[in-house]
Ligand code: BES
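For reference, the chain that follows is the form predicted on its own, supplied as structure tokens.
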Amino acid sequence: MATAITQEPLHLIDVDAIVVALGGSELSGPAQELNTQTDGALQRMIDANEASLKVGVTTSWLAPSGIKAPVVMLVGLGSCDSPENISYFKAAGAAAKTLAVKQRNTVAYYFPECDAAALETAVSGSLIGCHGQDICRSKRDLFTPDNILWATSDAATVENGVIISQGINLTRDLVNGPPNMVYPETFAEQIQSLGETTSLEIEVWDAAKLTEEKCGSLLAVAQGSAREARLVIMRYRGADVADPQLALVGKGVTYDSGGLSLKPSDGQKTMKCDMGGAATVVGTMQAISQLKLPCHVIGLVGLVENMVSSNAYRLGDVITARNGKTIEVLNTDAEGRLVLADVLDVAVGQKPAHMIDLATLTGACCIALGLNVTGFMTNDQDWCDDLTRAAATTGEQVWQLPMFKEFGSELQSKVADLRNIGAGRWGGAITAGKFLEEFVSEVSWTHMDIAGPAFADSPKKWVDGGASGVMVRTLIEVIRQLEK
């Protein structure tokens, strides 16, 4: 797939399809040009409710008079004169997804004049929408065009949009990958391959190194599987700063059976997605490296399988985390926090100014916030506010949950320093966050629970079902702000 810019008028360009975005109270830009070239037919379609301005709603217009392309895909940006950036993402994604049902050589996008942020977002959306979860199908459901053209003179912004989409799609492919193909060793190998194509420095800790580093919490989760655990450290040095400005930490449970606290069959069907936090970190690290952002960032992922065997960790076990704290295991399906406990401690040792961890951590967060909202928990309100503003810029939905001391008291154990679940069923997302807080020392930290939006059972207009790549765009926006 190649992406480039074009200055060709939309009625003259010789491509398989053109996409024209509709927005605002009056036709303008490419939409006005299309209307003129078709003798007012576009306006008549809108007036007759045959074409919609609603965000992401598409209308296929076959062989319109006066247009060289055989297909014009109309897509709504919204009825307001200044659409939000997320509207550009959804509109471009919806158009791309609609066109992707068949292989096309070249598709050209004509969007109204906008700032660089909106254009970058639209370009990303166009490459997300045509990229599906059908990675193991002999006959694909969605097809990416061989060539994509954007009607703009801003080649640098288009290239940035492509890079961001590649990071998101890498995240999605890792999460969508079946667990017999994506497991700790192969996941680590895929990360290592990034060291050959990017400026990332990659360090992999195998089981022996993890034992030497006393990562007892992570290793306890892994011990029931025949697949060895891995911890991978990615470093991007885009600025001459001794200590990292930011550490990204991801939960990488490549398959979660629940362990001895076994999930029912329906609960296991999508548990390949339980490494969504780790995949998000990997996709983000690839993108910031290719964007050549002037910052020093590290990404760390803990990779395990949580399986059932005679060697699986048990309810009642007491394990010792890398920072020396002892943990009473009272639910082996609360394993992600045990993995993150050690990885967070490794990150603390890198002396970052800030930390973010991402995890498909709790079903309780889905109950609290639904399936489209990421839950934030923090020990530094100013840092969390920065992240919330970044999410608002990208249009990704987030909500902060409280971290009152009372929730921490739920984790008191009679036999160890901590228990790995709260004493009751209430506030489970927050007690999980309070557990993680025990392993971040004094570092400025925010936890992102992406259990709801990381994976979708059904598609949306602008993206296929399966992995979403949620929070990659927000993390890139946060890292861009580190420059300032």
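These numbers come from a predicted model, not from an experiment. So that there is no doubt, residue numbering starts at 1 and follows the sequence shown.
Note that the form predicted in complex with this ligand isn't included here; everything after this is about it.
Q: Spot the stretch among 358-366, 379-387, 201-209, 146-154 with residues whose non-hydrogen atoms come within 4.5 Å of this ligand in the predicted bound form.
A: Heavy atoms within 4.5 Å of this ligand in the predicted bound form occur in 358-366.
Q: Verify the flagged residues E120, E159 and A287 against this ligand in the predicted bound form: is each one within 4.5 Å by a non-hydrogen atom?
A: No: no residue has a heavy atom within 4.5 Å of the partner.
Q: Select from the listed residues I319, M271, I86, M73 the one whose heavy atoms reach within 4.5 Å of this ligand in the predicted bound form.
A: Only one listed residue qualifies here, and that residue is M271.
Q: Please tell me which of I46, L27, I421, V57 lies within 4.5 Å of this ligand in the predicted bound form, judged by heavy atoms.
A: It is I421.
Q: If we define contact as a non-hydrogen atom of the residue within 4.5 angstroms of the partner, is N331 a contact of this ligand in the predicted bound form?
A: N331: yes, in contact with this ligand in the predicted bound form.
Q: Please check if K90 has a heavy atom lying within 4.5 Å of any heavy atom of this ligand in the predicted bound form.
A: K90: no, not in contact with this ligand in the predicted bound form.
Q: Taking heavy atoms only, is K263 within 4.5 angstroms of this ligand in the predicted bound form?
A: Although this ligand is absent here, K263 would touch it in the predicted bound form, with heavy atoms inside 4.5 Å.
Q: Is I430 near this ligand? Define near as a heavy atom within 4.5 Å, in the predicted bound form.
A: Judged by the heavy-atom cut-off of 4.5 Å, I430 is well away from this ligand in the predicted bound form.
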